[in-house]
Ligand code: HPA
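Next up: just one chain, as structure tokens, the form predicted alone.
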Amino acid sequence: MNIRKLPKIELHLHLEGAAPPNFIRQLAFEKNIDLTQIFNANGDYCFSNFNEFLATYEAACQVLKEPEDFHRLTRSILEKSAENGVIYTEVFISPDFCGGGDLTAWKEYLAAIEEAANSAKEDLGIEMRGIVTCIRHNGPSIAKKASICAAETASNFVIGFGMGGDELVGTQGDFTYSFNMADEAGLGLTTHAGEWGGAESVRQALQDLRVTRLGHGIQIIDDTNLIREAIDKKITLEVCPGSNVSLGIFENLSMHPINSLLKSGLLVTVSTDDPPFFNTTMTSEYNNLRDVFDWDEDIFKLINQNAIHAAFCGEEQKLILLERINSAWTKT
């Protein structure tokens, strides 16, 4: 089984967080910005805990200043995803980094990103859609600007709204206004919950924001009643095992609850989150899950089917993706 070549669906990928270190170093050189402090001796991103990760992430974004920077970034990321068999990806894009929440500027950045995505589709066969993302630790008022950007540019390309950032700042309910606006605009809803904030953050997300997907969601494992509720509501988990291990939530992959979550009946998917930060790819995620949990082609087929059903794209697109997954992930 050549996992790299088999088609995959990814639902949880941050645009800025997928920027390769070499890409950021090159932009820093071009713009004469000193970012040596965010790289280690090997040239990789340097951090030792989640707060340092956020600081390194936001420091790297300092060089992403123009729409053309995001055009180049989008192309670079989609080339890497396609190399690892990804045929469809939903990418988190934050107006905070693309024009500072200004709607006019956001439209210019978004046009550049979409143009790069369209060219990658033609050249590489990979489909990309955007999920506009507010940043939790920037607060509800700035999140409102992100939701306005999302609602005003909802389209076949911008299909969702979500929230990332520090899960320990405030509550999910603080952002109800933004999520209600996105919902009224017809956008799919997801939020980071159950990565750091415990099962309670998942409960808040389901009750206050009415999302259909959870970014990570892994700490739901600690609440059996909440698991049953999520199953009943057909909530999908965007699980990122390599990220969780790299950030120290679990000591190693064998301690990760992804296999238990899957066996419980929850709708589990697999993504990379911020792949160069965590030294991962979709290929390595799948290989590691196969090696540690003995996942076979039937399970990989199932998690990709889960991802397609949970995707925020249209039904016609889903049928095309299902056909590709069902024909490829089949035992011979």
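Throughout, we count residues from 1 along the sequence that is shown. Note that the structure is a prediction, hence the values are computed from the model and not measured.
One more form of this protein, predicted in complex with the ligand, exists but is not displayed; see below.
*Asks:* Among 301 to 309, 48 to 56, 279 to 287, 32 to 40, which stretch sits within 4.5 Å of the ligand in the predicted bound form, heavy atoms only?
*Replies:* Only one stretch passes the 4.5 Å heavy-atom test: 48 to 56.
*Asks:* Quick check on this chain: which one of H216, H256, R213, R129 has a heavy atom within 4.5 Å of the ligand in the predicted bound form?
*Replies:* None of the other options qualify; the answer is H216.
*Asks:* Name the single residue among T74, T236, Q172, S243 that comes within 4.5 Å of the ligand in the predicted bound form, judging by heavy atoms.
*Replies:* Here the answer is residue option S243.
*Asks:* Give a yes or no for G160: in the predicted bound form, does one of its heavy atoms lie within 4.5 Å of a heavy atom belonging to the ligand?
*Replies:* Answer no; every heavy atom of G160 is more than 4.5 Å from the ligand in the predicted bound form.
*Asks:* According to a 4.5 angstroms non-hydrogen atom cut-off, is G164 in contact with the ligand in the predicted bound form?
*Replies:* It does: once the ligand is placed as it appears in the predicted bound form, G164 has a heavy atom within 4.5 Å of it.
*Asks:* Might E195 be said to contact the ligand in the predicted bound form, defining contact as any heavy atom within 4.5 Å?
*Replies:* So E195 counts as contacting the ligand.
*Asks:* Which residues within 268 to 283 place at least one heavy atom within 4.5 Å of the ligand in the predicted bound form?
*Replies:* Heavy-atom contacts to the ligand in the predicted bound form: D273, D274.
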